[in-house]
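Only one chain is given next, in structure tokens, and it is the form predicted alone.
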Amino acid sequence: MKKGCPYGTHRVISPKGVLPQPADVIDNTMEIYDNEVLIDVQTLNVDSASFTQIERQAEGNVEEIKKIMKGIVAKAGKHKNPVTGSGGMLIGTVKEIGPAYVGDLKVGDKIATLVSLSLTPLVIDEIFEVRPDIDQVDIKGQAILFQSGIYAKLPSDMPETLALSVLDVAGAPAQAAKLVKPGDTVVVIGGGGKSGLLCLYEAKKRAGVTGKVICVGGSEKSTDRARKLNLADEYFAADATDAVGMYNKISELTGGQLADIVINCVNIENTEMASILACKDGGTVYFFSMATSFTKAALGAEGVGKDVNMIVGNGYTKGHAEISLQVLRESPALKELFLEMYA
């Protein structure tokens, strides 16, 4: 059995010398190296920005979505959307473990990988079902987890598809939990979506009675979703690409003070400036959205003279799986909504 690099560089075909995520093509031969884990894949949870793009390209045709997804994997050896650059994650069952792999996994464990599909060697034999409303795809296939790849064993107290939908965005509520302090004014843009609802819950919990949480939904329907759960102090629907409109509304709701923390959870492009303008000088903007252009964010903030801390939407922070699943355990109403929407 061949020796593998903990970061999976032994799988990179082109260009040589890069890690698997930025690579264009990786080796998806399902014969494991000594420190890898082979997974029988059950479901792919495609990143929201990626699925939105694929669905638009396919004009909503399910068979075309399948064809596009299979084409991405056939070409790259992984599911890295060539337009958005993002992937998603998967659930499956551990089939084989290399003798040099260090960890607590055993054959037969049901797990969710918490590393992106954009770096995971993947083979799709067949796509059984596409669920466009929740960005999930049931497949017959296999994948490889590297030694450095993080994962979560699926909890026994909730359906697998529910756990998967939450774990896919686990970095967002966990970062919100880290960033928000008592008394903070927090704006969550895209607050009616999956990651947005979880962030609102954590923000409200952490900001406390002296803080203020503002939910910005992409539509009246998604805004109402958050309102019914009482997850914020203020709610409004807005076009997140309208930077000046966002600034005016947030300024009005905060008496001109603006937000200490802005969390961007949208899955469309050109929302960087709305996030930046809503934030006060010295505040923090957390771009969880994979549709974010960090060039636009950096140059845009400079262009309007905004001194704000901007955080890249790293999907991983310590304890993120536990924090996000705990939200559903703490909030029966949110769990009920997620069961209805995603399970």
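Only a predicted model underlies this, so the values are computations on that prediction, with no experimental measurement involved. For every residue, the number given is its place in the sequence shown, counted from 1.
FYI, the form predicted in complex with a small molecule isn't displayed, but the following is about it.
Novice: Of the residues A49, I276, I39, I26, which one places a heavy atom within 4.5 Å of the small molecule in the predicted bound form?
Specialist: It is A49.
Novice: Okay, which stretch from 66 to 74, 288 to 296, 303 to 311, 27 to 35 lines the small molecule in the predicted bound form, with non-hydrogen atoms inside 4.5 Å?
Specialist: Among the candidates, contact is made by 288 to 296.
Novice: Tell me, yes or no, whether G190 is in contact with the small molecule in the predicted bound form, where a contact means a heavy atom of each within 4.5 Å.
Specialist: Close contact exists here: in the predicted bound form, G190 approaches the small molecule to within 4.5 Å, heavy atoms only.
Novice: Does E96 reach the small molecule in the predicted bound form if we count a contact as any heavy atom within 4.5 Å?
Specialist: Contact with the small molecule, no.
Novice: Any chance G217 has a heavy atom within 4.5 Å of the small molecule in the predicted bound form?
Specialist: G217 belongs to the contact set for the small molecule.
Novice: Would S222 count as a contact of the small molecule in the predicted bound form, using a 4.5 angstroms cut-off between non-hydrogen atoms?
Specialist: So S222 counts as contacting the small molecule.
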